[in-house]
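What follows is one chain in structure tokens, specifically the form predicted on its own.
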Amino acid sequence: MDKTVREVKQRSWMKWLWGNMQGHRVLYVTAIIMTIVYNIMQLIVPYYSGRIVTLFEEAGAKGTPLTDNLDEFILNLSLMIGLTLVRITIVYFTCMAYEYVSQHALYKIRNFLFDKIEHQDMNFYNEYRTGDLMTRLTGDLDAVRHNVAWVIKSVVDSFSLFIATAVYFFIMDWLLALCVLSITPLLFLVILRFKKASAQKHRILRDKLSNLNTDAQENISGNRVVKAFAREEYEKDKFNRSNTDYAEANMDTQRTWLRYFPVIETFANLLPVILLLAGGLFIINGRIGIGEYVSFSMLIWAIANPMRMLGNIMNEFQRFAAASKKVMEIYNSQAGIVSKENAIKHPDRFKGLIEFDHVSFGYEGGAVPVLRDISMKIEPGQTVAIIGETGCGKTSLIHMIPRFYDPAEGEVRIDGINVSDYELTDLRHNIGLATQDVLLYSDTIEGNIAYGDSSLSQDEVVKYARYSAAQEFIDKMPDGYETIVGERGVGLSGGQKQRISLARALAIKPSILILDDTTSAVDMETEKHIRDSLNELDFNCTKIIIAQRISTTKYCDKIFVMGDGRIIEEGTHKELCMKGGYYANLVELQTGLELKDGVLKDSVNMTAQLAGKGVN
């Protein structure tokens, strides 16, 4: 099996996040340290409150007025207030630091992911759906940001506060500390069980969200088809099913948390009860004083809250784990078709010699080969046509030239060099491609034509529009070349979009021009104009035309006829008419006339009949 984007390096999520914090690591580590510091400072208020209570207690026991210890009272109160303000300031700047680092990491990851997606090969897009990729670039990435800004901070918060408080408890009275902390091991066991139970739930939830977004994206993109077939109700039901699946997965995930939440909450609420019972007995026995009990009482939340928080943290962490796995899958993926390390740089134009040498090919996961032992040669400057029945492999064949796919066997060469040896960017810069299924961007007509070379002047844009027979309809537009084209060319006819696509392909002055049924939606007169223009280009160009019309193929230097993944006929129009094979049958079918010895019958009326059928 061809290994392309499926080769994902095994890296821990922490190492992955750490790598993307480069440039902000010191700030992030500082934030973690300061988190620990301000959680230790949580002990300030209980500690000084305990000391103040002890002052009252000692003064009452001695029968002395409190004013005798007024200076110490004011000092303790001032330290309590002052250090609390310091702690609040540290909390503010620490939270800002976490958010700052998380946003920069998110920015870096998002750019890297988009770069990865842009440079993937066609197998990648065969595997991943648009809605799924959009989910990974938005919702999944936000879960990653949330982990950096909140989850990790909360983990440090909870453990540092718990440990600092536990140590303080043991310093004050080890036996009471043991009594209070006796149930915490049980709570950790419950949280570990929750972690195991929720992991799969969150993975399913992310998959359901991806399916929901995919259905929405496909429906919006294909809204014209939906309306054409009056399938609005069907699509609404389909979206509702995906929405229901997502909602049920969400509810199932939340029910898992709700099953464990009461247990966690019960354990947390037992802590004050244990303190009341054990602490009361210890006060009665004289083991601890009122001041120490007050300190314990004021800090019991510092044990209970982290225990409560750990459940929420674990829930959020599982959400992050499921999302990060999807993000890292794209992040660490590798395209199968890339430039070799020692690739040949070729910034200059190709001569245009194209050779297929015993090329065979099959799509990944496909059971049947698409191309079988294809050998053909196209000389520089030639115009060749490839013709054949639907599904015979015409488009797959031409996709080998710009290396959208690599052959399973054999070689594709340009100017005598294997296309896989060229620098990929240089190779594709020399190839102009226009397809039947046109994608236009939400930009001006001029912007779409100049997409491959944004430095084109207005006059050059007009020239290429004239070549593709697009100028006439563009001039009739309200804003001419500045007319904004809707998403995917909404507002233009199929033929208009094809002509803009052809102008876009010509605008880069390619050494090799590939037209994949580009004139299928234009009329015969426009097709003739395009054909004549292609013969008058002001630059040398080898042209490969996939077509079904005899009017297009008749004037080509050579015609290749494909069938069942093989070249079954080749030659000029006249030669193939003489052979009496597939091509000859197609000529008869499209003209309605019979061939005899390669010549159409009824030669007296042939010119008129051919003109009427668009064959010149």
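The shown structure was predicted, so the numbers you read here are calculated from the model rather than taken from an experiment. Sequential numbering from 1, following the sequence displayed.
Just so it is clear, the following notes concern the form predicted in complex with ligand DGT, a form of the same protein that is not shown.
- The partner is absent here; in the predicted complex, the one residue of 155, 392, 106, 172 having a heavy atom within 4.5 Å of ligand DGT is 392.
- With the partner omitted from this view, the residue of 405, 464, 350, 320 that lies near ligand DGT in the predicted complex is 405 [heavy atom within 4.5 Å].
- Residues placing heavy atoms within 4.5 Å of ligand DGT in the predicted complex fall in a single listed stretch, namely 368-376, out of 368-376, 332-340, 449-457, 194-202.
- When contacts are judged by a 4.5 Å heavy atom cut-off, residue 590 does not count as touching ligand DGT in the predicted complex.
- By the criterion of a heavy atom within 4.5 Å, residue 184 is excluded from the residues contacting ligand DGT in the predicted complex.
- Ligand DGT is not drawn, but in the predicted complex it has no heavy atom within 4.5 Å of residue 130.
- Residue contact check for residue 430: none of its heavy atoms lie within 4.5 Å of ligand DGT in the predicted complex.
- Contacts to ligand DGT in the predicted complex (heavy atom within 4.5 Å) from stretch 109-126: 126 only.
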